[in-house]
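Listed next as structure tokens is one chain, alone, in the form predicted on its own.
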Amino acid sequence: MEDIRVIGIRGLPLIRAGDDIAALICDKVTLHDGDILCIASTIWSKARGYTRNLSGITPSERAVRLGRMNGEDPRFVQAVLDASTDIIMEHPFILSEMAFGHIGVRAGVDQSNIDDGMVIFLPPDPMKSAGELHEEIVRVCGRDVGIIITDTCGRSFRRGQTGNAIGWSGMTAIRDFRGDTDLFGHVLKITEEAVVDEIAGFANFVMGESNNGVPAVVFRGCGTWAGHDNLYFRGDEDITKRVLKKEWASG
């Protein structure tokens, strides 16, 4: 692997519904074949109109109850419930699963970096969104680049948030080392590296979390790897989810 170069894309305007993200990015940076482009999910969602005005949301009885329990606007809570396919925990915050397999606090619904009274949703199908952006970059600037759509998430057992990949295109999510040997000749049996999350985490470091104005980051020189896309645990594989749901239901 060659040295990796990381380029934060500055000077992008505040994104509005209907904006051409690919054209805006290609106007600010010269992309090369093989680059990996990370974008914050918020700018894709705003460009595609995955937003709602709180004034148009009528909270259900459950949303009112959870809003009172967690000290949150019940209209915001209803937006979270609408974006969720499964509620894993209700308190002290809502932890929920979305249709594409991601589990996050408040279903990733956000009120930052958007006009007052509005909420942003995660793209409903981030893998499809990443594929669309990949095609649009090819259309606009003729370059074949990998795409990662990121979201900021907390972690179990550790304080603080990091960037996570919620959609990707042009690469596999997991670099699979199983069957390889280490420096001592031992066969690796369980090592699967979540490369897209590692890249998303560093992209989030470059983007910042407040007013940096860097919603997109280019990685150059990452190379290629072999693996698979089974990033999310499925069904009974997810021990943490199973225990949390059991504990919440019994509590």
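Just so you know, these numbers come straight off a predicted model, no measurement behind them. Residues carry their position along the shown sequence, with the first being 1.
Separately, the form predicted together with a small molecule exists; it is not shown, and the next lines address it.
Novice: If contact means a heavy atom within 4.5 Å, which one of 200 to 208, 30 to 38, 49 to 57, 63 to 71 is the stretch that engages the small molecule in the model of the complex?
Specialist: Looking at the partner contacts, the answer comes out as 200 to 208.
Novice: Going by heavy atom distances of 4.5 angstroms or less, which of Ala194, Cys26, Cys222, Ile43 would be at the interface with the small molecule in the model of the complex?
Specialist: Among Ala194, Cys26, Cys222, Ile43, a heavy atom within 4.5 Å of the small molecule in the model of the complex occurs only for Ile43.
Novice: Since only the chain is shown here, I'm wondering whether Leu12 would be in contact with the small molecule in the model of the complex (any heavy atom pair within 4.5 Å).
Specialist: Leu12: contacts the small molecule in the model of the complex.
Novice: Taking any heavy atom pair closer than or equal to 4.5 Å as contact, tell me whether Asp110 reaches the small molecule in the model of the complex.
Specialist: Yes, contact at 4.5 Å.
Novice: According to a 4.5 angstroms non-hydrogen atom cut-off, is Ser84 in contact with the small molecule in the model of the complex?
Specialist: The answer is no: Ser84 has no heavy atom within 4.5 Å of the small molecule.
Novice: Please run the contact check for Thr152 against the small molecule in the model of the complex: heavy atoms, 4.5 angstroms, yes or no?
Specialist: Within the cut-off, so yes.
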